[in-house]
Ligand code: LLP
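Next up: just one chain, as structure tokens, the form predicted on its own.
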């Protein structure tokens, strides 16, 4: 074990010396261990995991996940295209999202994916009519809003009424689906939020879906699949985590003697802690009583601190014994461009490195070219080697789609 840690540190040091910061550095072994953990759960019912592509749509990462038997959950035509490009079979792709465009729906219909989960009643008519025009029948699901709080951050909760996600039961006439000739209702889905560690809330939401499907069956409306969403938490500054043993036991009990096919949609859980954003300290300055570090990464490379007010875990390359309290800022011309404030770390110097941890989910996928900053390099390492999985944007790339 110690030899592996030493070898990993040497490889990271070599990578840092070879490539210009900032860049995202993924550890493929971490991703594979998370996949293995989920695949080894003792679940006594038919089930499959579908990776939430929005967490990280890099083709190499998607292909790694696909090779381990996962499906893909997408929320746009672009994510669907990338899922197909990375090797997922259409029968292993589901399409969610509250704002699907006509192009999104047409593309998903013609690819004959496993299911399009609708969140607006108007989607049904369009999917039905377009499917009939193409001589197709499209499998659809309905995302139910169960009005259950995931006890997570307000900005990432999705299962309460008053929000934009899903449909409440009083809006849906299930008997009307029999009149549609271009759609086949196969699935009920729900997702109550992200970063959930209270498994009781997840089980509560699952039971709502199971009960609904059971009641529909009494009225000869047969549901094949229940999609329970994702939300398994990966917390940055806490040892707290979801009790999968209790979750597993409670879920097996809830599905005893049931014949539904079950889908889960983990995203952040799979990739979050597989990645470090490696940055270099450009400047250290005083401003009043503040010590401010200016790094070569910013909210363009990691938006979540500014968007959600989170405090990412970090590591610094300094070996100083002296502790200093800093604000860590990016170089974007925005007052919100801080990655951390009032963090006490070993004293650092210009040219040293700061690693932002747990950036594998919603790091690269939320990155932008704001301030016309080229998007960074992405590198994947494993036990023995490393390779570039996304080249750094060039300055020409910033202009390639523009017309003067």
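All of these numbers come straight from a predicted model, not from anything done at the bench. Positions refer to the first chain, counted from 1.
Just so it is clear, the following notes concern the form predicted in complex with the ligand, a form of the same protein that is not shown.
Using a 4.5 Å cutoff between non-hydrogen atoms, residue 276 does not count as a contact of the ligand in the model of the complex.
Although the partner is absent here, residue 348 lies well away from the ligand in the model of the complex, with no heavy atom inside 4.5 Å. For residue 191, a non-hydrogen atom is located within 4.5 Å of the ligand in the model of the complex, even though that partner is not displayed. Of the heavy atoms in residue 232, some are within 4.5 Å of the ligand in the model of the complex. Checking 280, 82, 304, 199 for any heavy atom within 4.5 Å of the ligand in the model of the complex turns up a single hit: 304. This chain appears without its partner; in the model of the complex, the one residue of 166, 141, 330, 267 with a heavy atom within 4.5 Å of the ligand is 267. Heavy atoms within 4.5 Å of the ligand in the model of the complex map, among the stretches 339 to 347, 361 to 369, 61 to 69, 41 to 49, onto 361 to 369 alone.
In sequence order, 52, 54, 73 are the residues of 47 to 76 having a heavy atom within 4.5 Å of the ligand in the model of the complex; the partner itself is omitted from this view.
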